[in-house]
Each structure stands twice: as C-alpha cells, then as structure tokens.
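Quick setup: one chain, the form predicted on its own, written in structure tokens, and binding and motion questions come after.
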C-alpha cells in the first residue's frame, strides 16, 4: 500500500543520483539485484531485447547502458521473482480484489497458469490450456462475429500481432482497436492528409544534423528518457530547444547524465530548453498559428530578399498555401494570446529562432493528440514545418513520440479497424477466405458497444483496457454484463479483476524470456517510433513452465474457433517464427521484402516512408497546407462557465501507462500518494482551498452525467490559471466517452472540464 504522503518541491535535475537510487530500489524490491543488472546490459542492444516500455529509437551504436530509469523499471517489472500463484487466487475473491490498487495487484508478480472465473466461489480457478481454448472457442463460435472485439495493447510483437489480426478477420470482423486509438490515432489521421504518411519522418541519426528542436506536449523525462542523450548532445552543439508545455517538466529543464561518471561526481547539469513557454492546456494550436503569422510577416518585410519562407519548396511541393495565408491573416493577436496563454512577444521570440535555423525537428506527444482538435493541432505543426521546407530534409522533420514499445508496428502489420489500411485482397489470396470489408470498432466505439449491450466478447492481447479508457465507472458496470472476457497477460491487473460473465486469464511469456519452440529458440520483431524494425531475443528463463508464447496462444484460440484451413499453418508458425515473417512479407511486400534476411542486421531496417524523399502520397500528390478553422484545441468545452477548471491527466515518473511501479513521483516532489490534484495558487484562493486540503473533483462537461473522483489532496503547483492536473488512470472516471478528438476519436484526456470543491 502507499506510504504516508510527503510532498515537497523537487530541486534536482532529471537523471542523476535520483535516477540511480530509483533503479536500485526497484531491482531490490523485485528481488533481482544481480539478475536485473546483468539483463539490463542486453536491453536495446543487437542480439539483446527491445525495451518493453517505450518505443523510442534504438541507436545503431548503442551506449554501454542503453536503458533509462523507466525502461529499467519495465524490465524489473517483467523479470521479477514474485509469483501470483494458485494459492493466491484460492485466498482472494474477485470482489475483494476489486478494492486493491493498480500497484498492489501487479505487485503479486507473474501469473503462472491459465485460469477461469468460477461464479459460485467468485474466484479464478485453474484450468488446463486445452480446457481454456475449448471453452473460449465454444463461446466464440456461438456469437455473431461483429459482436466480438479483438483488442491489442501495443506491446505484442509483429509476429503475434499479424497472427491476431488474421484471426480476427478470418473470424469475420475488423474490430481491432488498440492503444493507438487512445494516444496517437490523431497522428495517423492528421499526417496522411498533410504529408502522405501516418508516422514521423525523422531517423535517430538525423538528430545530429538538426540546428533547432521544437517540443510540444511531450514530457521527455517521463515518457522517453533515453532521448535526453540526444538532447544533451544537441545542446552541447548550441542547438536551441523551444518548448511549449502547460507544466514545467524537469526533463525539459535540466539533465544530469547518470551514465557519465564526471557529471555524477560533479553534479553538473545540462540546460535542456533555451525557451520554455508555459501555455494554456490546448494552447498549442494558437501558439503555432501565432508563429506562422510571424513568419509570414517577416517574409513580407524581406520584400523578396533572403525570403524567410522556403518559396521554392512551397512552389514545387505544396498545395493550399494561398488559402493558408488568408486563414492566418484572419486570426487576430488578441485571440491568439487569449487562447494560447502566451504573449505576442513570447510567440515572436520563438518564431524568430525558428526562422533563423535551417534544419528543424518538431517533437510532440499526447499534449497535442489528446484534445478535441488534436488532429488540427498536428496539421498546424506540419504547416509550420512546411513553411520552411522542414520535411524531407536532413536533420529536419516531424517526430511524434509514441508510447508502447510496438504500438506503431502493430498498425504496420494490420492491427487496425480501418479495412482500407490492411492488405485484404492479398490476404484473401494468401489464405483463401473472404475478408470482412466493413469498418470495425475503434476504442471509443467498442466502449459505446459495451455500454449499449451490443458486445458479446472482448479479447485482449495484453494491456489493461478497463483501466485505461474514459467513463471508468459506467464502463466497469457494463463490463460485468459481457458474456465473455479473455485476457492474454503476464500479471494481474484491474482489467483481469473486472470481468465478464465468463472470464479467462491466459498467462503468456514476456518479451525478455527465452521463447523455446520446436525449431529452437525464437526471436520476435518490433518497430520503433522512427519506423525502424528490430529483432528482440529473450534473455532469461520463463517465469513458469506452464506459460505459452503469445503466438501459440493466438494460434490455439484460432484453431479452437475457426473452421480448418490448410492455407494457414498455425502450428508450423508457432514452431518457427521465421515462417510468420515470410507470411508478413507476402502480405506487405513493399514494407517487408526479404524480412528474414534484412532483420539479421544489427541495426535492423527502415520502413519505406516516401515523405522522407519528398514524395507525397496524398490526394493532391503534394504536401498540403491545412487551414485551421479555429484557434482552440477544445472549442466546444464549457470552460467559460464560472468555476470550471481544465483538468490535464499526466503520468508520474514511477509508471508507464496504466502500470504503476510505485508511489514516487520524484520529479514533481510527490511521494507516497497518487490521490492529488495540482492547482494554481489563484484558483485555490478563489475556492477557499488551502494546500493540503481534502477536495473532490466533480466532472462538469455540460451533459448532466454525474462523474467524480473523491478524496483528493489539493496541492499547490505551478500550473496555468484555470487548469489543474491529476494522474492517469485515477482521473479517468471524469473523462466523458464522447469527449474525444474530431476525426480520430482519441479521448481528450488533456482537457477535461471539472470543478474542484472542498470534500464534504
């Protein structure tokens, strides 16, 4: 359980001795001090394993310690010596376990045996693998195919993901939501329209050639700490880093490299951001419009001499520029300042630095994607880059920082609800079945189906879906009415405790474990956030003898559910993952030609991205300027009503997505609790709330639905007036299901309308 809360301002940098102590603490807690230290030497290395945490790029020439604090915690979490045994389940009902915290559930350790929920005892009871597969298959054969959802969390390998999407489509639907629906689906919708690719355009090695970096809504110190090495190297070259973020995150302020003996001994620090603009939640769109207006004005002032805009690039490669200029001229500085929360002078200062640089990379995270107009904000960032030709140029481009370690790769091999993004014609020829052509359910639509009683079964390939989604309270109530839930997981979590009327837990091998099959030890593959594919090889013995690999579990589910098909060699695939890669290459020849040969290289290989060569796979055949229709990323929020605050949900540096490693948010000075709401001093005074007071957060989205999170601690913090901050996933009950990005349906978790009141 959590310790007594202790909250005090953190004075140190990101990294440094704080990071070293945190790593030591988790290795000791998971009882793997020597084993963990040894395994970490193979993390993100050729011949080793790809980090199970974030998807940040793996360098061609890795450092001695190619892992960060959070990546090391993810490794310790997976290879822990703790075990969740049959005795544990015999002692605890699921009703009891519902009251446990996320941390306490996962800290029981690795699951070892397949389990089935027994209604009479309200406990999970052991079953054989054969019984589990037969029972699940019998259920699935009796359901209408369109009523079943196949969710993927973002950590499964390319091999398992390919098999999973094939299983779903042969079953009869495209209901393949994944964690991308909750984070970077806004990217996948925005960028194809502007530059013709759904992912970023920058390779890791290109960062050595950039002369300016923009950061928007991305907390590098928590979400991708290994990037700090590239940022430190850039700052040593004098590269300006311009940051736009509502919170002053330490990872974008100061860094002490824990892998540098000199820095650790001398406590020296590197300043990361050269400009730090603390804007309103959702103020990025307005700030980007302001920067574009400055560039256009500077270009006009140049009168054609030394043009600020890359007019040759715009003329040859872009469409929609004239309309874009008209749209920019129509916005006023008064409105830009009001929406962004920044002054004209601040925006101008950033734009002038941008205008003086030749090769600029723009990084962004969920601070852009998780708003009502998140798609438009990303397109506006793309507009800014296009103005100076910063796409398809060495050291320049757009860099969405993805979360889960293979969430991008899952999409590449067919995990998508959009049939037009999967090679259905090729798979029909390959495997002799009629592929479904109807658009499937994304995350929000799957939740709507559960609430409406239209979903018969929910199968989850990893993850903690129930905990990650909006409208938590209503969803948990409806979840219990599902006829069938199936969890393919490594540890107990809330998604396993909140279950359907029939429920199965199928424990699988972790990525770091040796995957021994009939033809020998297997490796799997993943795609990092830069579009590069890597091999990942297990390093430790499996946690238990009764665990199966994800490919084997998917294959057995398919065999127990689908009619026989000689063209799909499920068993041979499980014996030899190279055969799965051959099938992937046949389905996706442009991406995976000679997959098995090319993946042998220590650096992996890159997916083809035409925008890197200034080839634009858009409807116009050019890169497109997209003119914004408004300045607000959340134009229909009722935040103008008196007393409303905009809640931003964040992660601590002691968690990854829904996985909570501990109660230490060191970088924000919060220890021993996650039940806090961070507030501006003026907002607290207006509500007669003092630092440390007990408060309730009441959702107020204007739809008359009661939403609340009770018993929080008000905490004074440097947040913009009119906003407040709470942790994900604890604040998810406040997020309406309908409150999502237009075009992508990504939940708008960075702008939730709430009231904060003194607890009764």
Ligand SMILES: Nc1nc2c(c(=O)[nH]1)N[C@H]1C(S)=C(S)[C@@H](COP(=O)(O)OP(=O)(O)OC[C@H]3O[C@@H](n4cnc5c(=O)[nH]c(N)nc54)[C@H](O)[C@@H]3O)O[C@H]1N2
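Being a predicted model, the structure only gives us computed values, none of them experimental. Numbering follows the first chain given and starts at 1.
Heads up, the form predicted in complex with this ligand isn't pictured, but that's what we're talking about next.
- Of the listed positions (155, 534, 169, 411), a single one reaches within 4.5 angstroms of this ligand by any non-hydrogen atom in the predicted bound form, namely 155.
- Proximity to this ligand in the predicted bound form, defined as a heavy atom within 4.5 Å, singles out one entry of 398, 176, 648, 670, which is 648.
- Stretch 455-463 is the answer when you ask which of 455-463, 115-123, 615-623, 423-431 has residues with heavy atoms within 4.5 Å of this ligand in the predicted bound form.
- Taking the partner from elsewhere, residue 568 is found to have every heavy atom lying beyond 4.5 Å of this ligand in the predicted bound form.
- The closest heavy atom approach of residue 249 to this ligand in the predicted bound form falls within 4.5 Å.
- Contact between residue 663 and this ligand in the predicted bound form is not found at the 4.5 Å heavy atom cutoff.
- Residue contact check for residue 218: one or more of its heavy atoms lie within 4.5 Å of this ligand in the predicted bound form.
- Proximity of 59, 204 and 379 to this ligand in the predicted bound form is absent: no residue of the three has a non-hydrogen atom within 4.5 angstroms.
- In sequence order, 365, 366, 367, 370, 371 are the residues of 358-397 having a heavy atom within 4.5 Å of this ligand in the predicted bound form; the partner itself is omitted from this view.
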